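Taking the form predicted on its own, here's one chain by itself in structure tokens.
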Amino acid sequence: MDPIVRFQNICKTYDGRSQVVRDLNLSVERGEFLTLLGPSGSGKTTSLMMLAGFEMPTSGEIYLDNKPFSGLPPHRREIGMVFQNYALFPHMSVGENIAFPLQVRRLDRQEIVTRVRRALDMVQLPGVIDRKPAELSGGQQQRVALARALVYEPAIVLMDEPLGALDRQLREGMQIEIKSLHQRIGVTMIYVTHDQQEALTMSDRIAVFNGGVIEQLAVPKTLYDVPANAFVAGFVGENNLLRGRLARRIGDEGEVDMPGIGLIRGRLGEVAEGQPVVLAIRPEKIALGTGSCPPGEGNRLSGNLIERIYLGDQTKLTIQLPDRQTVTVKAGSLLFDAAEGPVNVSWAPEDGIVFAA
């Protein structure tokens, strides 16, 4: 199946020296929910703005249905756009705001009324058509902005941090609503966020940006369980990144030499023996005990519990190892009263991944 959007060798620079986006090659499948995830300045929003037509590539081409369209102005791209600040006209009613894109396209008045009501039903706001944006909550305003982006039935809807201004509970509710809406109507959605949890919750695929390039493009489970490198491992969800040197390879695993601690085993990425490495291990994969580490299979380390944070359903514990590195462990909330002092931690070798440092 041909992709609906294709970025081909896209580069973007503002000063002629540093590249905000570097040699971007990315295909977006028709009907998918693709999230561009990354820290501030990683190139994700610039890529979205080039697709929308608000920025022009320095080089390369963007294709829609295999037709180049970098030269088209934004209003001729037939792409819906939802911003973080809603961008609603305050002097217009909700109905007038949603109708605006249709009026610009000179649709028949009765067709406009029908589409506006259908769009409001789509975002579950049928009774607010005559209200002004200021009379609505933040979540309702964002739904109106989404309805306006969908009302003229674009092939693609772009969203730039659309939930960033909402409180956590409302934000989580809107994540579910947007994903449910996507599944119902099947429109292609491209979503920009720096929130890893949001990306994992909503996306069919996630492209992780860093320094203007895509570090990894994968489905959420693969991204979380099998990160491509140390950056992705550290950015997507919580991860302990323990530094050492690869002592030797043993099949698909390797032994990492950590001075003052010993040899730790983990799954291997593209790493050569003797190379500085980081071993990534998720906090929820680590088991906690007390006393000295007993012998046996798996990685077992001794350390000192130096901090505990109560999170309600669980407790976050920080353990300092003999080489001064720390390990974070997430355990049941009953351990909130755990005494500071000597503890041991353990995990299965296959739960840790070794990357080049």
Partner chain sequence: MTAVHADGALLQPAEAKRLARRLARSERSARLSALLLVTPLLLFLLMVFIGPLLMMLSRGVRDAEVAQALPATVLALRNWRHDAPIPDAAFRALADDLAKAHTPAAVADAAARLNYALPGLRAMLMSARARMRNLPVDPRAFFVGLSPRWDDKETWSAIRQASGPLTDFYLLSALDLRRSSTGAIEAVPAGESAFVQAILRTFGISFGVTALAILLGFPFAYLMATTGRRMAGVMMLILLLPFWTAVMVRVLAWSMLLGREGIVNDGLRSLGLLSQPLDLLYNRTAVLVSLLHIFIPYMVLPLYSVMKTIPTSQMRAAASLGAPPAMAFRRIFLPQIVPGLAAGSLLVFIHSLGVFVVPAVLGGPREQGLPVLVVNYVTKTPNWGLAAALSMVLLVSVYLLYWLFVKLTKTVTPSVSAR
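Keep in mind it's a predicted model, so treat the numbers as computed, not measured. Positions refer to the first chain, counted from 1.
If you look for the form predicted in complex with the partner chain, you will not find it shown, but the lines that follow are about it.
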property	result
Three-residue site I281, A287 and I309 fully in contact with the partner chain in the predicted bound form at 4.5 Å by heavy atom	no
Interface stretch in the predicted bound form with the partner chain - options 241 to 249, 70 to 78, 223 to 231, 208 to 216, non-hydrogen atom within 4.5 Å	70 to 78
4.5 Å heavy atom contact, V104 to the partner chain in the predicted bound form	yes
Close approach of R143 to the partner chain in the predicted bound form, 4.5 Å, heavy atom	no
Non-hydrogen atom contact R184 with the partner chain in the predicted bound form at 4.5 angstroms	no
is_contact(M92, the partner chain) in the predicted bound form, heavy atom dist at most 4.5 Å	yes
Answer option from V28, L305, M49, L301, heavy atom within 4.5 Å of the partner chain in the predicted bound form	M49
Proximity to the partner chain in the predicted bound form, single hit among D121, D204, D195, E135 (heavy atom within 4.5 Å)	E135
In the predicted bound form, residues of 106 to 131 near the partner chain [heavy atom within 4.5 Å]	P126, V128, R131
